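What follows is one chain in structure tokens, specifically the form predicted alone.
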């Protein structure tokens, strides 16, 4: 058997679905040669979501893994908690290291499922990580520390290249040149963030304007880019009135999350590391058995400005 972290050791097992592959022969706890990193980038561009099993990474090693692929990026949600008076390290949602997010349903005493933490076991709707910042992360790395036994928490992914390619021609024409505002008022569970008040109109919305279709800087392909969908007015298309915006977004979300475009990681194990591309995928999570612990550590891979499909090649959306 070839030594780990060599070109000969790398084995790729595609999921057989619209995206996703397991990669064997790689351990990010050990030094990764440039040629191996470059090969992983190629595999990532082909499969969009990669699964590495049996890894034991501390937070420094997880951050170093993000560094291999462009650097780390702190989650914007951290800022909201700090603004609300939560000190780093006092709350597991605000880890001491800015680049680490702890995704857990366990309280500070190590218990799962207490009432105050119940939202951490809820399902998460389809979304792209941190689309509500001007420069969203390139990708995400999610490392499993503790997982429930037959207790839910499956993570599903959707191929947004295929979502765009399979839009009817009339719908492609209808979205051409249009942009969506990505609101930062709510978290992925759709709950209001600390310090935020419920928006009452478009004028209350804070967050960037992104094109409905973006160009992937590596593959050059178009991908539908919806981010996350909340009730009006938290999601709206800039160029349309409210009624038309809601109708068009409903059509796009139906098209973006068809089963044919999806793959689900439904057998999480401690030591799993998932690496996904936020530029061309969305993901969702099933509910978690609140009586069982689920602890994940995540870091974001530093992003580049969104390339709009509506502008000249390489142009950045306003």
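Residue numbers count along the first chain shown, from 1. Computed from a prediction, not measured in an experiment: that's the story for all the values here.
As for the form predicted in complex with a small molecule, it is not shown, yet the points below apply to it.
- Although the partner is absent from this view, residue 298 contacts the small molecule in the model of the complex, with a non-hydrogen atom inside 4.5 angstroms.
- Though the partner is left out of this view, residue 261 does not reach within 4.5 Å of the small molecule in the model of the complex, counting heavy atoms only.
- Among heavy atoms of residue 285, some come within 4.5 Å of the small molecule in the model of the complex.
- Interface membership of residue 124, defined by any non-hydrogen atom within 4.5 Å of the small molecule in the model of the complex, is confirmed.
- Segments offered: 275-283, 246-254, 44-52, 26-34. Contacting the small molecule in the model of the complex at heavy atom distances within 4.5 Å is 275-283.
- Though the small molecule is absent from this view, in the model of the complex it lies within 4.5 Å of a heavy atom of just one residue from 133, 74, 142, 237, which is 142.
- Put simply, of 147, 181, 103, 106 only one has a heavy atom within 4.5 Å of the small molecule in the model of the complex, and it is 103.
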